[in-house]
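The data below hold one chain only, encoded as structure tokens and taken in the form predicted on its own.
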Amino acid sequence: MTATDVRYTHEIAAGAAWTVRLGRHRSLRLTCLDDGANASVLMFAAADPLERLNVPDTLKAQMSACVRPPMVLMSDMGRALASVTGSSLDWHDAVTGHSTDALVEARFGPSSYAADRNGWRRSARAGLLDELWKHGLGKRDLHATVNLFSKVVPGGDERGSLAFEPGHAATGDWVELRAEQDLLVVLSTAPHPMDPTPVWAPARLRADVAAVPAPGADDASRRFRAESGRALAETERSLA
């Protein structure tokens, strides 16, 4: 993506939620404007939101414990929703979910708009639900999130625990997604649920939307795994 390709730019505030309707063969590039960013992402087919991102199938089919280029983000119908066409980071968490109100209050204390105004500490779930309700969706439409810009790895103990890696993302880090069908993308910039930072310090993101070419026969996502190619082919067949 170059500056001349960009059709739309939006700054997503720290600790906020945002929704974008992303047309087929449009890219969404997210860039960290502060250190330690996190984006908890939900994704739905715009034509039928009952079709949505299936994180377990995405990981299993492409033999990965994280999301990274050039993986395909797959729906629960086995179709490609989006492809990860590039990133400055080689690991985006997809196994630990998103923060809840109870977790945020337990870690940072109670918060409300009446008391804290624009400093109100809201969980990722609260923000995601606010955005879902705008589109006629709700709690039943929550699904496992991908946490872009965050890294969680095995803790190395006998219990098989997980460990969050602080400092994984810095200002300027980026990830780019290419929509393979019309999408509804919902995200929150609330901190990762395992981030041990003792103070509430969410980070801002910049979103750039641009038109990009359709994936060709030699596209990296199409060739990544056999299941990646099949998911792209199934989407293309259904939209032909």
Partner chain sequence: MTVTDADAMHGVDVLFDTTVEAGDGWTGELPAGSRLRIVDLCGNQAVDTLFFDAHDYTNRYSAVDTVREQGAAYLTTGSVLRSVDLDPLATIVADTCGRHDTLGGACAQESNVVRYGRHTRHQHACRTTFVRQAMAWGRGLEKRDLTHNVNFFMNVPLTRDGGLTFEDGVSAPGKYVELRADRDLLVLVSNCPQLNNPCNGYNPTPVQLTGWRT
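Only a predicted model underlies this, so the values are computations on that prediction, with no experimental measurement involved. Positions refer to the first chain, counted from 1.
Another form exists, predicted together with its partner chain; not displayed. Remarks below refer to it.
Q: Please pick out the stretch from 81-89, 114-122, 166-174, 100-108 that is in contact with its partner chain in the predicted complex, where contact means heavy atoms within 4.5 Å.
A: Going by heavy atoms within 4.5 Å, the stretch is 100-108.
Q: Check each of 26, 68, 29, 204 and return the one that places a heavy atom within 4.5 angstroms of its partner chain in the predicted complex.
A: It is 68.
Q: Could you spot which one of 209, 33, 46, 59 gets a heavy atom to within 4.5 Å of its partner chain in the predicted complex?
A: Only one listed residue qualifies here, and that residue is 59.
Q: Does its partner chain come within 4.5 Å of a heavy atom in each of 50, 95 and 234 in the predicted complex?
A: Yes, because 50, 95 and 234 each have a heavy atom that approaches its partner chain to within 4.5 Å in the predicted complex.
Q: Closest heavy atom of residue 131 to its partner chain in the predicted complex, within 4.5 Å or not?
A: Close contact is absent here: in the predicted complex, residue 131 is far from its partner chain, nothing within 4.5 Å, heavy atoms only.
Q: Would residue 181 show up as a contact with its partner chain in the predicted complex if we use heavy atoms at 4.5 Å?
A: Result no; residue 181 lies far from its partner chain in the predicted complex.
Q: Do residue 219 and its partner chain come within 4.5 Å of each other in the predicted complex, heavy atoms counted?
A: Output for residue 219 is no: heavy atoms all beyond 4.5 Å of its partner chain.
Q: Taking 4.5 angstroms as the cut-off for heavy atoms, does residue 126 touch its partner chain in the predicted complex?
A: No, residue 126 sits far enough from its partner chain in the predicted complex that none of its heavy atoms falls within 4.5 Å.
Q: Can you list, in sequence order, the residues from 139-164 that come within 4.5 Å of its partner chain in the predicted complex, counting heavy atoms only?
A: The stretch 139-164, when checked against its partner chain in the predicted complex, contributes 139, 140, 141, 142, 143, 144, 153, 154, 155, 156, 157, 158, 159, 160, 161, 162 at the 4.5 Å heavy-atom cut-off.
Q: Do residue 157 and residue 64 have their C-alpha atoms closer or farther apart in the predicted complex than here, with the shift being 3 angstroms or more?
A: Closer together, by at least 3 Å.
Q: Since the C-alpha distance between residue 62 and residue 157 changes by 3 Å or more in the predicted complex, give its direction relative to the shown form: closer or farther.
A: They are closer; the C-alpha distance drops by 3 Å or more in the predicted complex.
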